[in-house]
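Only one chain is given next, in structure tokens, and it is the form predicted on its own.
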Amino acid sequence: MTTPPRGLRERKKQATREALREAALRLAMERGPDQVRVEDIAEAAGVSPRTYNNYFASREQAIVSAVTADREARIAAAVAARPAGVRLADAVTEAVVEQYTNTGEREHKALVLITAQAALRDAFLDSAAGIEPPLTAVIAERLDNAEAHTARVLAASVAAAVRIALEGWLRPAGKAEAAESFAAGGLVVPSGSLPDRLRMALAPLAPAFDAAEQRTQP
């Protein structure tokens, strides 16, 4: 049996991943997340449950992936596309804000669904960790690959800052009732400006970005 070329295999994997996450979100919005099983998602996407498990660890992960799909790569690409003269801290901040806030009607409806269930909120928050690997590579390139360890630390810090901003957006500080509702899995209404929360969370990282850039300058 002939093995498909690597490029073809990767395209097939990507197509399967997209079919699964789109089916997951569609079924969740039609039936409600609690009424959707992994078997239902797999059947709707035309694959087996075993194949599903090769791509996603839970139904929540698949549903959230339909909203966050490729966001991590888009953030990294946006940073890479910024002119070299743009301060790295600014490039990262604007890329994150842009990718987290430029959402259409479909994404908005999906976010309403996500904020209504604790397991989906947790999966949404966990997805921020995916920022680290692609952003590490881009930061390292901007630092002329002379600060590989620093690039990873900075990227991981960005991911942590984004998660903190999202947590604050979903669970307003100082509101005991909202915090209790969040912990109990109740409905949470996003509060405040997400762009402002993201910028505030990322601001403390600016000195570290500046120092890393200065070390690479002649």
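Numbering starts at 1 and follows the sequence shown. Computed from a prediction, not measured in an experiment: that's the story for all the values here.
There is another form of the same protein, the form predicted together with the DNA; it is not shown, and what comes next is about it.
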| message | When the contact criterion is heavy atoms within 4.5 Å, does residue 36 count as touching the DNA in the model of the complex? | response | yes
| message | Using a 4.5 angstroms cut-off on non-hydrogen atoms, would residue 211 count as touching the DNA in the model of the complex? | response | no
| query | Taking heavy atoms only, is residue 69 within 4.5 angstroms of the DNA in the model of the complex? | reply | no
| Is the gap between residue 52 and the DNA in the model of the complex 4.5 Å or less for some heavy atom pair? | yes
| With the partner absent here, would 157, 200 and 216 each sit within 4.5 Å of the DNA in the model of the complex, counting heavy atoms only? | no
| request: Would you mind picking the one in 164, 47, 153, 29 that has a heavy atom within 4.5 Å of the DNA in the model of the complex? | output: 47
